[in-house]
Each structure stands twice: as C-alpha cells, then as structure tokens.
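Given as structure tokens, the chain that follows is alone and in the form predicted alone.
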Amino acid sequence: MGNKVLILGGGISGLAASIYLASKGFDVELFEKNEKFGGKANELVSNSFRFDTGPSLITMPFVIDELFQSVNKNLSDFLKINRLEILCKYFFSDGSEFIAYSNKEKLLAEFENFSNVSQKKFEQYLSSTKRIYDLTADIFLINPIHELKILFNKKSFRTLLHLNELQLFKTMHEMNQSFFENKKLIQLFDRYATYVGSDPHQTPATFNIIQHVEYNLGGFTIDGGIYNLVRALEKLAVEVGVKLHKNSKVEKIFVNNKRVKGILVNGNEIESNIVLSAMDVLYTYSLMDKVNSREYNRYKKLELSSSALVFYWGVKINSESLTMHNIIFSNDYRKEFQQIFRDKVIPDDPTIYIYISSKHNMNDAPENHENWFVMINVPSKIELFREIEISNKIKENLIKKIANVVGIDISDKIVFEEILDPRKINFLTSSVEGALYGPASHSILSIFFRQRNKSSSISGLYFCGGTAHPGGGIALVILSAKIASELIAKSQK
C-alpha cells in the first residue's frame, strides 16, 4: 500500500501527476467523476461545431515538453504546438484597436503607433516584467514555496537582496500606471490580473510576470485544439501504466489520527496511505469528516477568485475584423472589478473575450461558420445565475456591444448555443461557487496562503492543480503536479 497513490480528479494536473508518479515507480490510480478527462480544459462537440470549453492559450510550452521528456517521449510525436502570429486583438469603445503581435519588432511598433509612447519605454516595461520573473520563478513557480529549504536557500536569499525590484508593495495597476499615462495601455496591461481571476487594483505587481510570459516568451496554440493536450496526456498515462477510471466519483477521503487511509469511490473503499487531490481544495476538504486543520481553517476564509459566464456560439459568419483571440474592453475597468469583487454583482459593462479556434483549426466549424467562445468575468456566486433570464439579458447586451464596438451584428446569425455559468462550473468541476482559481491573489501573502502541495496537518495528503501552489493556467498546473509528485517521492525515501 505504501507504493500506491490515488489521484482525485482527471484534469490536466491530475493526468500530469499520474505520469510523473508512474515514471517514479509508483502504482497509480486516477479517478475522474465525469465521462471525459480534462476538468476545466474540456471540449464541447455539437452540431458540427467544436469548442475548447476552458483554457484557450498555451504559454511556457517547455513545461509540457519537460513532462513528456520525463518519460522519454517526444512531445512532437503527440502534439503540434504552434506559436501565434497575433496574441490578441483589443477593441476599445472609441473605435481604436490594438494588435498584440508575437513578433517583437511589430509589437513595439504597434505600441508606439497606438499610444505615441516610445518603443524604448515599452522595452523598459517588458524588461522589468522579465526581471521579476527571473527573480521569482524558481521560488514562486518551480519549487514548493512552503518548504523551508526552498525559502532559505541561496537563490531565495539573492532574491531577497532585490526586494525593491519585485514590486511587492505596489499593485499591478500602480506599476502599470507608473510606466504609462495612456489609460488604454494601463487597461491593456491591467487585464492580466484576470489570468489569476483577480482585480489589478488589489493584485501585487509581482504578478506582472504574466506579461513577460506572454509577450517575451510567447503565446501558442495546438493543432486540433487545446483539448488535444488532454488526449495526449491520457494516452501517455496509459502507456506508462496508470490505471485511469472515468465515471468514478470520489465520495469520501478516509482520515484516521490525521493520516490518510484511502477513499470511497462509487460506494467502494480503496485503501492507500497516499492521496493526491487534483480537485478544488475546498471541495477536497469537504470529503473528509470533521476536518479541523489549520490549513483548512485559514484557506476557507480567503476571498475567492472570479468565475466566468461563457456563451458557446456557432455563428454563420466569416469575420474579417476578428482574430483567434479578441478583447472588447469595458469603458470603466475599475468599476467592473468593483462589481465583481466588492459588490458581488454581474458587471453592467463587462469586458468581453472572444476566442475563435476555427480561425486556426478549420474543422472546428462548418464552412462559412465560426465557433465563438464568448466569455465575461463574473463573481464566484452561483445564486446569481438561478434564473435563465439573467443569461438571456446578458446575451442581448453582449450582442449589442459587439455590434457597436466591432461592427459585427450576429443577432440573427447564431445557429448553435450552449452556456456555461458558475453553477455548471461548480457541478462539472467541483469548483466551490464556480471559482476558477480558488483564492483570489489580492495580497503578496496570497502566494503563501495558497494551499501547499503537501498537507502540513494530514499525513499522506497532497494537492496539485489550479487551486493549489503555484496556481492556475496550463503550465502552472503541470508544475503543480511535478512539485506534488516530487514531494511524494521524497516522502517514501
């Protein structure tokens, strides 16, 4: 039993952890409650349309490559990952547009033309975000930050010598404002707080490493869609000997004397003294009777990240003004975040994200049609969406805004529709209140308060995934899986 690991949840982090652990010689079983693996990174196929239901952009592909290399496999034999020529196209209500090119020269020229700010200023900004990444990535992303040996090693000490460069005591908005006066540019860079489901007016500027990851390291897509990554991981897991179980709901985690003893799945008890949860941290704790740990008591008090309302629209159109990734900005960005996090209401004028994978993968939509993934950020509060009229009203507002700002009226062109709201996110992925990233990142301490990968109060319990360290996003949840797997391996020596 000591060599047996039970993994709860078949999202990207759970699958990645199963591969890492199997490669280390563990007997691994993974349990997924749904009929498909993927978790939030799933797909919807209906009426000749295909949609990625969650993540839509690949960053730091070397993290994925490293996972495949760990079991002596070539990533290129499983997936084709392509660098995007255009990262995103931004639309503002006054009619102005900005194209974020992948090519650095074109990007800097676009910045200068758009804002009359010198290219040198932008290079300084991107260099500052790279500097933060270089100083913090080893501690905050790659290693288990809660382990004392990591916090007090030489690299960490060198980082402490450069605290002033980490922008710990500024918010993302304040740092962006210190570089630029142009409000549109500030809004554009503030947007990256949404990558961690947070408010740029509260999120530490340290998180501006996200801009470095996207602009300096690049944004990528996968031939056939993001879900092909899940397929590749499932195939790889089977090849390395992982026992995968679909339609297998974990109903209980058995704990005795603060030690994991096993789980209850579909009414069957399975023993093991090592359990790795790749599910929502709060939901994981709810599976244990009378849990009273310091970790849980602290974690449950944290403010939740934002959730999402997504419309999957099959649209009879060939749009020329849109690219694969598009943003239509709110007129009042600060108000939008206040409504999401302070007032806990659906924003009056939400920023709209439109992802059209058929721009790259032609088979994702029928001829002369496109597949529109249309998303807005909303509070993690499932009761807001109990009435279908809410979604219908928002739909009308979004269609109107797209027509007014982009000049495309799709009111009579939607031939297919499905909706994902916080209630469904909660049901499908066991994400408490539909929160996409667990706790919000609204203080520098949030980095340390995020659930550690090895429980400090329950022996044999480990965590990975978007709600545990180091956070959400495809690359980070794979890093989370790697960290947790290494901690498990270390515990058995």
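Numbering starts at 1 and runs along the sequence shown. Because the structure is a prediction, the values reported are computed rather than measured.
In what follows, reference is made to the form predicted together with a small molecule, a form of this protein that is not presented.
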Open item on the list: Please identify the residue among 272, 248, 136, 228 with any heavy atom within 4.5 Å of the small molecule in the model of the complex.
Closed with: 248
Task: 12, 436 and 472 each touching the small molecule in the model of the complex (heavy atom, 4.5 Å) - done: yes
TODO: Report yes if any heavy atom of residue 45 sits within 4.5 Å of a heavy atom of the small molecule in the model of the complex; otherwise report no.
DONE: no
Open item on the list: When the contact criterion is heavy atoms within 4.5 Å, does residue 429 count as touching the small molecule in the model of the complex?
Closed with: yes
TODO: Give a yes or no for residue 460: in the model of the complex, does one of its heavy atoms lie within 4.5 Å of a heavy atom belonging to the small molecule?
DONE: no
Open item on the list: Considering non-hydrogen atoms and a 4.5 Å limit, does the small molecule approach residue 40 in the model of the complex?
Closed with: yes
